[in-house]
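Quick heads-up: it's one chain on its own, the form predicted on its own, in structure tokens.
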């Protein structure tokens, strides 16, 4: 047991996924209650193990690392997944009701892949964990309500996802040719050989695709529009957070030597392109889901800027950004899922008069949008402000100006959504609705965390 104790949180989740799958074979009157109990217990056990019993250090011949930071990130990943799966268990769709166990099985396996990505310190482990994270998403993205559109988007996602894996393997081979080792910590960042620049480019291609960074964002809008809506809270947060956490650890030693400036310049181009073009693409959107898809691109760029920052405090700021981004996004999609007539052709105009239909959903949706925009007194403000601050100290004035400009642009398109929420209803919008109790509970959790971090951004350091 001592030899595998460091993997107990991941093993617990794997056992949970198979228990849910096995439960689908048992004939019960109502499996959903059993499913929710299994899901909550398994996730809470995994979180407790991460917080209290998870040994720290290097394991499996130094291919796997656990430390306080990796455990904190994994707690956030499990928490975000739990809220997402509870939303799926409470779905109004018959498809989700009938195949909830199968959805949970795939998403929890993807979560386990993301947790291993965070702790991977060797290229073979990294490649395998990337695939465990990605393959369930390829499958689920093809299960949307519009089968033709879903299969088309899933095929595109699978093809380019497989191609990005090829680039990842090329990158591992080239890094090995330079350092003679498959371990990340052995990479010779100070070398002037052009091969290390090429291998970094190949790695960044994979990271850019998985996180929907510009210019490898082309899949994200189609997937948001065609994938099952209930998995969007997971899809928009968990894979992105896991991979950006990996980027943080991968480039941790980049500044310990006489760094090859070409590598810094390449990453900077990726950050600048994602923040600027992602903001521009979001402004042009009127379809709500396409807007939300593109609005994640600037956030990913800002997270990468924080992940490669050499200051010791960058890890604390990264955790703060991860926390607000997960709970603001999950809360946002739970609010949208509570609407009675929501679909993938939903436009911003269709939110007109939402406040008159449900003031609770309207106010909570506004809180999450303002947080993502970076408004003061909300968690998103401290996330963006802190990254801008450390970017100025490490990289000069241009990057923080760009981050602040992106925040200003995001205010425009997020407040455009809020404006419609509080407008008078159109004549044809006469439906009334009530929000499910479980959804209310999940939304309140997300609101509390978002507001608490906005008032006291040091709360995460006190908890962990």
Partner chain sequence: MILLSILFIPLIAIVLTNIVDKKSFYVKIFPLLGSLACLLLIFYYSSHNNLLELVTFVEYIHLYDIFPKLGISMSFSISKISIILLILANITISTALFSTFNINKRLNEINTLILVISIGIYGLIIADDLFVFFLFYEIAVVPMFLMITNWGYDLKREISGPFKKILSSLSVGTKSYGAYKITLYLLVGSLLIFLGLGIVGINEGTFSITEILKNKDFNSVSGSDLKIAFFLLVLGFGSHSALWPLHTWAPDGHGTAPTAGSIIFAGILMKIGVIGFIKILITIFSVTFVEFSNILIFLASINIIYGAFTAMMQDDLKYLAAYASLSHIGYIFLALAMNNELGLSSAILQTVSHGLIICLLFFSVGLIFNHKKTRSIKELNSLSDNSPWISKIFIFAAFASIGFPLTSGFVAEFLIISSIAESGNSLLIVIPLIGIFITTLYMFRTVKKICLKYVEGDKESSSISFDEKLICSFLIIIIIIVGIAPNFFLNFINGESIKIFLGI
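Residue numbers count along the first chain shown, from 1. Every value quoted in this text rests on a predicted model; they were computed, and no experiment measured them.
Quick note: we don't show the form predicted together with its partner chain, though the next part is all about it.
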For a quick test of understanding: in the predicted complex, does each of 377, 392 and 397 have a heavy atom within 4.5 Å of its partner chain? yes
Might residue 385 be said to contact its partner chain in the predicted complex, defining contact as any heavy atom within 4.5 Å? yes
Residue 105: touches its partner chain in the predicted complex, heavy atom cutoff 4.5 angstroms: no
Is residue 59 near its partner chain? Define near as a heavy atom within 4.5 Å, in the predicted complex. no
Residue 316 near its partner chain in the predicted complex, any heavy atom under 4.5 Å? yes
In the predicted complex, the residue from 401, 69, 51, 41 with a non-hydrogen atom within 4.5 Å of its partner chain is 401
Can you check 179 to 187, 197 to 205, 308 to 316, 129 to 137 and let me know which stretch has heavy atoms within 4.5 Å of its partner chain in the predicted complex? 308 to 316
Which residues in 55 to 80 have a heavy atom within 4.5 Å of its partner chain in the predicted complex? none
